[in-house]
Structure formats: C-alpha cells, structure tokens
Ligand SMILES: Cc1ncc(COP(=O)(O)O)c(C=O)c1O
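First, one chain by itself in structure tokens, the form predicted on its own.
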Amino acid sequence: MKYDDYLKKYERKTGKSRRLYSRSADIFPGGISHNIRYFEPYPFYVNSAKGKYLRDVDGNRYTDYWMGHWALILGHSPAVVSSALARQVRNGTLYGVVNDVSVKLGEAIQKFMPRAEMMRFCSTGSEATMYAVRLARAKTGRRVIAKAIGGWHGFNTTLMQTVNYPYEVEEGPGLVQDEGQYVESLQFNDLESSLKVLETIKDDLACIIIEPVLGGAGCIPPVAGYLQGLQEFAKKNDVLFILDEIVTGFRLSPNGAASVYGLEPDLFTLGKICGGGLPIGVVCGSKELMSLADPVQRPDKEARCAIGGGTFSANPVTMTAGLATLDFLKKNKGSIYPKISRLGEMARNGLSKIFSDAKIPCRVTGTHSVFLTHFVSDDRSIANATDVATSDKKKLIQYHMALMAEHGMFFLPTKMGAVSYVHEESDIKKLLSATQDIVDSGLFKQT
C-alpha cells in the first residue's frame, strides 16, 4: 500500500474528528493546546479510554502505546485509581489549604526514593524543573545552567534552549536572548566533549540538569559512564547535579533511573506517573537544599529562594490519584516491572529483526518499557538528539500512520512508545505482525 492509501483510510474512518478539528482550529492556535498533539492530516478526538484502549468520537478503538505522554503505567482509568478518585471528589476537589493526603503521598515518594528528604509539589514538570534550577542558583550563587542538546525540561523560559533541531538556531520569538547566554548545551553520550564544555564554564556553573534517558528527543538511553562522568565533574566542582526523572521516575524501576544507573543527584524532579493520571510536578532534594525555600525558617524574602507551587499544587484529587498509584506499584512491583520491561525488550528485538530482515536501515532505541524506531540512511547508531533529528522522520510518520489507520494502534507520530501494565504479550505480537504487514505492503520502498 502507498502512504496515500493509509491516509485515505484514516480520513474515511475519522469523519467526526475531521469536523471537530475544523471547529477546534477556530478556538485554539493550530487547533490544539499542546503542540505535539497535532499530526497530519488532523488528530482523532478521544471521548473515552479504558485499560490499553483509546476510543474516538467515530467509535474507533486504538491500542495505545502513547499512554498519556508515558504517564499511565497502570493503563487508562485503572479501577484502583478511579475508585479512590470517586471517593475524594465527593469530599472536594480544591481546598486551597493543606490536606492530609499530600503528606501521605510525600511519605510514599520518600519510601521509594530516600534521596527525596524534602520536596515541593507543583502542577507541571515545567514548574518542577524551573524550581530545581532556581534552587541551584540560590545555593551556588552562580548563573550558568548546563543541559543536553535536545533535552526537554518543559516550556519554562530558562530551559527552553537547544530543544528543537537545528539546535544552534534560537527557539523562537518571545524568548529573551539574555536567558540563552546563561545556558550551555552538552552533546548527550559524548563525555569527552561534554567535559570540555563544562570545564570552560565551571566558575559560573550552578548546575547540570539532565534526563537520564532522553525522552522527547528520541528515547535514547545513556552509554556506560556518561551520566556518572557528569555527576563526578559536578561533585568535584561544587556544581549541583540535577536528574530530571519526570519521564523515568517510577517507570524504569520503582526507585527511578537514579537507582538503575547508580546515581546520587543533589536534586531531582518527578511528574507523570506519580500523579496517577492527573497534573503534577515534584522537585525533590536534601533537607539542606530544600530548606532554602522554607518560608518559616527564612521569613526574610531576601534570604529565601522563591519557589512556590501554584493554586492547584498538592490539590487533594491529584494527591489521591498519585497515592493510589504508588500504593499499587508498591504492592505489585514484583510483577509489574519485570513484565513491562520484558514486553519492551520483546518489542525492541522484534522490530529490529523485522526491519533488518527486510534490509530497511533502522535502529530501535529504548530501555526497559520504552522504545522508538528510527529510520536511518546508513549503518550509523543513534546516540544523541542530532542523530535522531537527522534520521528519516517522514518514514517514521508514515509508519505510525499506517499502524493507526490500518491496525488500530496508536503511537503519537515520531514519539516513543511505552508499555504499561495493561499490555500483554499478545499486544506486542500484534504490533510485530502489523509491522511485518506494513513492510510487506511495500510502504517503505515507495518513500
């Protein structure tokens, strides 16, 4: 089949979504409220989700591998969370004052991640990373932030640098150029070049903030020694090492990527999974560092780092969903994590074999329960965001559309997939069978 055939099939089965998108484009810029949620010719509109399935307004059902930006490790609307939410909603959704369940969720996070001696809840990952770098600057008295090329830490102004290819070009109007001069970018997985950059800025370097696995930039795990090398440099030079675990926290392991890679970050951020499907961000660290934001012990604003939380921070509904999720993970971690990691490996190995046997140059990246296919022009590996950005995104979009239109499987086009507890081995076999069918249809020979 040609790509146009898949597009036409998608359009035939999503007529109501097409009309909704037309209305939506008159309300929201681009018709969406999150840039990455648009894909051509238009996104389908979901009105229900349960388990591993999304259902759209046209009645189509999709096996979901996007899983709410990778946040839904237990699947959509798991009973353990839904029932807890139903009870909480009857008691209120926003108190605007402190609540008891926030204490319970904080204690649950501490038990999973002992380096979270203290924390502050907020409503988004963007807020959490913004607060983390602000704490680092407050602690060190320095200005410069180091991050990875392609590293995504949310839309906060400080870290909205070198996110999109070509990375040397500014991210767009509205960002003050002065902000960029205090951010230096490192080539992920190239320790030698990263250390050279860090050495030139160490006297004014407040922190290194890094995703342990590059998520939005292409599902790229770290090579051996890379993260450890950055951490060692930070500790030798009194620089704070910040691990952005908004994606990897509670996904790679119940104790996060820090445990998997043997890291000891000074600060780290959480989000997604620990919100149980509701909005959350968390900045965590030692008592010494987090006390810089203590309004009780530091009533003088000139002595206190100004981090807040926002109107909806630690709201009882999010806290309840997060606590129900973490309680379930704690009780079932022995079955959940081996299962989703095994299925992730099965997907990576199976996809690699299918494309290799068909002599279609590609690399399948990922680790544990996340994975992504990259179509390359030669035998090169995928080690950093530039490798991903210069791969054939057109083929990847067409592959994901073919899965969507013909086989009812949803990956947000060009983004990594995530296996959740509700997926089964049979789902991965169906994904591999669908991929083989797409290869056999000749799609990749025609693009």
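Numbering starts at 1 and runs along the sequence shown. Predicted, not measured: the structure shown is a model, and the values here were computed from it.
Unshown form predicted in complex with the ligand; subsequent notes refer to it.
D266 falls outside the set of residues with a heavy atom inside 4.5 Å of the ligand in the predicted bound form. In the predicted bound form, I246 approaches the ligand with a heavy atom inside 4.5 Å.
Remark: S102 does not count among the residues lining the ligand in the predicted bound form, judged by a heavy atom distance of 4.5 Å or less. Within 4.5 Å of some heavy atom of the ligand in the predicted bound form lies at least one heavy atom of T124. Taken together, the three residues G366, D387 and K415 all stay farther than 4.5 Å from the ligand in the predicted bound form, as judged by their closest heavy atom.
Interface residue among W70, Y421, F410, Y399, judged by heavy atoms within 4.5 Å of the ligand in the predicted bound form: W70. With the partner omitted from this view, the residue of F241, Y131, W152, F371 that lies near the ligand in the predicted bound form is W152 [heavy atom within 4.5 Å]. Stretch-level contact check against the ligand in the predicted bound form with heavy atoms at 4.5 Å: of 108-116, 324-332, 282-290, 246-254, the positive one is 246-254. Scanning 397-434 for heavy atoms within 4.5 Å of the ligand in the predicted bound form gives no residues at all.
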